[in-house]
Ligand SMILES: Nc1ncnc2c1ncn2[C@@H]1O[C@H](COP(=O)(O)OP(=O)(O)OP(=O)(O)O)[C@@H](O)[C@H]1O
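One chain is shown next in structure tokens, namely the form predicted alone.
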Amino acid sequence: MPYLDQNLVDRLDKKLKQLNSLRPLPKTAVEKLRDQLRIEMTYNSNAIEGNSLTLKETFLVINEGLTVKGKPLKDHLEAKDHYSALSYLYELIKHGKKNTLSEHLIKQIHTIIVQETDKEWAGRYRNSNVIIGGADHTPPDALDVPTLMRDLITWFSKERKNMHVVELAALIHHKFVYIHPFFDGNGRTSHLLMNLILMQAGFPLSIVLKNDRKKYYRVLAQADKEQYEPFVRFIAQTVEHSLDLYLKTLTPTTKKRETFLKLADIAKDTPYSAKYLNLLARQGKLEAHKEGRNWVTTQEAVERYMKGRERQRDV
């Protein structure tokens, strides 16, 4: 069954088509954008799991090789390992490695993710049971992990033909962390697996922000109870955010670009309050994304939403 609202699916497909229409993309601009997103994803993915480095410190550790006084060595190593794993994904995409999801690949990614922090268990499934602090979900018995991981790959091979790629990537993310196959690095590995699937389909790197940590864990817990729609929608919104960023940056200046503003500013020229626009944004009904802690959208996006409502009423 589909887990995404069709309007959101249509928006994602339309924006990906717009991005593809701009190809060949300017190499220098794309590289700068990718470098920016790699740093941001490294920071956010690690921070969600408790890494104490700030975004600026993550940049300095990776690009300048600096050591941040007062921060644990483990946090420095995690940043470097995550960035290396992201670079590995880009190499896979660059060399046309498609349809490569396998246990071997998953173990390779995990090995890079923890190569400096957990060498003994890098790329090896856990051999004992674990408890996730603060979560209601208890991961499956360690004895079941190998079978569950084989089942995961089988499920992916079957469903990739029947499911929208964003739904597929989101569900792979959840199913992987639900199994929790490794002692450490499961969250970071799941984010990378999700992005590998997205990038293979032409989408840019998608990032779950640290500021959305509480919501991320909340919708993840809902998915644990087989309520998948909120989690899949949440991931789809992160994908749309990255598409918006790419289109904003790479659209030629000769073409009109939409201006993203805070909801309170947009509301002044619409029939809706900022509170209602916020609700529409969170539900995925309005084209919007977060910048820091604030939702932003465009006047054109609100107009498209209004026209869509009018068409529905006419039907």
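It should be emphasised that the depicted structure is a prediction, and the values quoted were computed from it without experimental measurement. In case it trips you up, residue 1 is the first one in the sequence shown, and so on.
The protein also exists as the form predicted together with this ligand; that form is not presented, and the subsequent description refers to it.
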{"property": "This ligand contact at Ala135 in the predicted complex, heavy atom, 4.5 Å", "result": "yes"}
{"property": "Any non-hydrogen atom of Ala264 within 4.5 angstroms of this ligand in the predicted complex", "result": "no"}
{"property": "Interface membership of Asn186, this ligand in the predicted complex, 4.5 Å heavy atom rule", "result": "yes"}
{"property": "In the predicted complex, Leu148 touching this ligand (heavy atom, 4.5 Å)", "result": "no"}
{"property": "One stretch from 43 to 51, 25 to 33, 62 to 70, 270 to 278 that, in the predicted complex, holds residues within 4.5 Å of this ligand by heavy atom", "result": "43 to 51"}
{"property": "Contacting member of Ile172, Ala122, Leu220, Leu198, with respect to this ligand in the predicted complex [4.5 Å, heavy atom]", "result": "Leu220"}
{"property": "Contacting member of Val177, Ile112, Leu205, Leu89, with respect to this ligand in the predicted complex [4.5 Å, heavy atom]", "result": "Val177"}
{"property": "Residues in 229 to 247 close to this ligand in the predicted complex, defined by a heavy atom within 4.5 Å, in order", "result": "none"}
